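Only one chain is shown below, in structure tokens, and it's the form predicted on its own.
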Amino acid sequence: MCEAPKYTIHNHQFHYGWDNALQPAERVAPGTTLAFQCNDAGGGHFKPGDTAAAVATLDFSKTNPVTGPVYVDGAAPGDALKVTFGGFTPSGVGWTANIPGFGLLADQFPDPALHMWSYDTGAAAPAAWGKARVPLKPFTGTIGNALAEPGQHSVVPPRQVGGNLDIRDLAEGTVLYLPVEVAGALFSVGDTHAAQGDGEVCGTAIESAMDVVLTLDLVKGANLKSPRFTTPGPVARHLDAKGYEVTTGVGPDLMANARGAVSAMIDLLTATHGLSPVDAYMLCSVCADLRISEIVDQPNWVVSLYFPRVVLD
């Protein structure tokens, strides 16, 4: 596990795009442990008490701020940055939104929607939304190094050097390896989440500002083509307690199958639990997992959506 942090990278030390010309917020030796104060993906735009009207005023040029960058001495192209995840200190507040034009089912949900969350930071109790209780698993949604290509690059798409990966298991105890393309790596992190389903189907999770402790080290000459990581143990214990309801999409197109599986789950949740369709959609985004169940029996493949029963039982 990580040691006590030697440096803190504060939440005012952030940027909106990957750029290898940025001046580092700190320069550290390999093996250094740091605390990063991460802003939420909306940059603090949403506040407790906000309604869906606040979605319309979100400035997309100021979303997904990442804290950093940090220059790691000796990091060179061809190396891997080894990132070990220590503890998270959550803020206790968060948000989930349906943003028009964004998300897997954007064509079916054209209107804005917003849910503001409040959760216990000490007990890590499930976050409540009506009768729903979503188990929490803090993690970093956006994490990566600067690209070799000059200029500013959006943090929204994931890349070979990391970025907006939105991998739920980049959580406490995980060790992540990121390809290095520039001297010093120029590492940044942000977009912290209190919980998310695999797929983040509506485009947002429980977006929540929090601090994270990370140790940055080097693997010389790793020559990775893309990020890889190791988890410290099982990855779905927080959701497994009561099993799952599962819907599927079957056909020759994986994206269409994913959409079909999510649509079927929305129909199931609205019929059996009285949720509105958009609430069911957003709830799937924060706790339901999309999985490729079969990809070899041509011409049709199977995508499944697992919704944890513990959330609504």
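Note that the coordinates shown come from a computational prediction; the quantities given were computed from them, not determined experimentally. In this text, residue numbers run from 1 along the sequence as written.
Just so it is clear, the following notes concern the form predicted together with a further copy of the same chain, a form of the same protein that is not shown.
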{"item": "In the predicted complex, the one of Gly103, Pro126, Gly86, Gly184 near a further copy of the same chain [non-hydrogen atom within 4.5 angstroms]", "value": "Gly103"}
{"item": "Contact residue in the predicted complex, from Gln152, Gln108, Gln160, Ser91 (heavy atom within 4.5 Å of a further copy of the same chain)", "value": "Gln160"}
{"item": "a further copy of the same chain in the predicted complex: contacting segment from 48-56, 263-271, 65-73, 33-41, heavy atom within 4.5 Å", "value": "263-271"}
{"item": "Contact test in the predicted complex: Pro138 vs a further copy of the same chain, heavy atoms, 4.5 Å", "value": "no"}
{"item": "4.5 angstroms heavy atom contact with a further copy of the same chain in the predicted complex for Val201", "value": "yes"}
{"item": "4.5 Å heavy atom contact, Val219 to a further copy of the same chain in the predicted complex", "value": "no"}
{"item": "Partner proximity in the predicted complex: Arg309 to a further copy of the same chain, non-hydrogen atom cutoff 4.5 Å", "value": "yes"}
{"item": "All of Thr248, Leu290 and Gln298 with a heavy atom within 4.5 Å of a further copy of the same chain in the predicted complex", "value": "yes"}
{"item": "Residues in 150-167 with any heavy atom within 4.5 Å of a further copy of the same chain in the predicted complex", "value": "Val156, Pro157, Pro158, Arg159, Gln160, Asn164, Leu165, Asp166, Ile167"}
